[in-house]
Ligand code: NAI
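For reference, the chain that follows is the form predicted alone, supplied as structure tokens.
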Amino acid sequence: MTTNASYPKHKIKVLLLENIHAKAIDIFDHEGFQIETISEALDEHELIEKVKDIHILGIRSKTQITEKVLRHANKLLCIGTFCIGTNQIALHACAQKGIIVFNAPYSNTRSVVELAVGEMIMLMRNIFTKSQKMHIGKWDKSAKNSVEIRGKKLGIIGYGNIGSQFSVIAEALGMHVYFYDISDKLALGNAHKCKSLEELLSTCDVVSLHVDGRLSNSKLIGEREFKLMKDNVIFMNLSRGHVTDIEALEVAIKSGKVWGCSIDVFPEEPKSNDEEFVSALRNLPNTILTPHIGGSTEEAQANIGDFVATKIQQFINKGDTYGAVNFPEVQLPSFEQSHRLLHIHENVPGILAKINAIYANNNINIQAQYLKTKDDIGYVITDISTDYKTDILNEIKNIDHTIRFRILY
């Protein structure tokens, strides 16, 4: 259990890794926090040393927050993943320590979709191959293997924020859109929902992956799936590296089964720009490789920086957890002329009754109170008048099953 009684903002330490946008730095700086930035990801050992005195941690996709790291993060209040995915974080272990995790599920959607559209057109027009020939002096003015996307069948695997927006834009460009998702999703426009992955793979001229990073999606597309695809298919992965079997993809490209390919994410990626990128897909024909830049536009990174930093700011200042990935979501109003007591606990019966009994026994009037639970975590927020004996704070934090207790005023 830890207790912070209105912890001074100038003592709150923020560590931002992996070149998080300056917009986030500005927001934290305006709050008066201590900020340290590091341009690359840290390995487990480096993180363990760094995280001991950190209250707020900001990462992107390469930093792995393991249970071992969390065992040394006793001051950590929240983690901001300045990206969509959170599979790089031990989310349950975070919740068990009362550490809230925020991400940016929408902020880079447009950027990823634009890259997918652009690469799809380049592959269908064979632009990448023709450009390479031009650079070595070969003039190949030919319509061979160059086709319009209009009228072609696009298969989208994963119909979430990115997949569904890709669907809308592709249809506006004249494509016939098919999609498959394990969840029941409403088709937008004239998109056709496939009953199975097999139906989509055997139908479409272009197959594009937009699934999340859950372990069950590992090697979702492998040797069997490539064999099910149409000959001369265009294959694209802008989701997660581990969802494609790279060896099977290499074989499919070399055999001509996959005629054009664009890959933005890889099972193993360099930690920094100084490390060599190694992949079996290097130097393969009509294959566009990009360094995990689907969301790497100025607009997307600024939006992500603003969104995640603001979520963290609202949690630190108000206790607001709306949008949290691993925690009960509570959207709270501002509070005035009161103290706000935040109690995170194991979700067992009777905790709220015990908290309120302490207030009642000490003649403390509750001005507002909020309770939300999620899985095995409970979160109680109580606004009380500023006139009370501080002895009650020890009573509350010593309630059985308390994980973390914090006071705001």
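The first residue of the shown sequence is 1; numbering continues from there. Note that the structure is a prediction, hence the values are computed from the model and not measured.
Below: the form predicted together with the ligand, not depicted.
The ligand is not drawn, but in the predicted complex it has no heavy atom within 4.5 Å of Thr244. Interface membership of Gly213, defined by any non-hydrogen atom within 4.5 Å of the ligand in the predicted complex, is confirmed. Within this chain, Val207 is remote from the site of the ligand in the predicted complex, having no heavy atom within 4.5 Å. By the criterion of a heavy atom within 4.5 Å, Asp181 is counted among the residues contacting the ligand in the predicted complex. Only one listed stretch (88-96, 152-160, 310-318, 67-75) carries heavy atoms within 4.5 Å of the ligand in the predicted complex, and that stretch is 152-160. Contact with the ligand in the predicted complex, defined as a heavy atom within 4.5 Å, holds for exactly one of Val177, Cys83, Val112, Val258, namely Val112. Checking Asn103, Asn108, Ser262, Asn126 against the ligand in the predicted complex, a heavy atom within 4.5 Å turns up for just one residue: Asn108. Interface residues of 273-300, taken as those with a heavy atom within 4.5 Å of the ligand in the predicted complex (partner not displayed): His292, Ile293, Gly294, Gly295, in sequence order.
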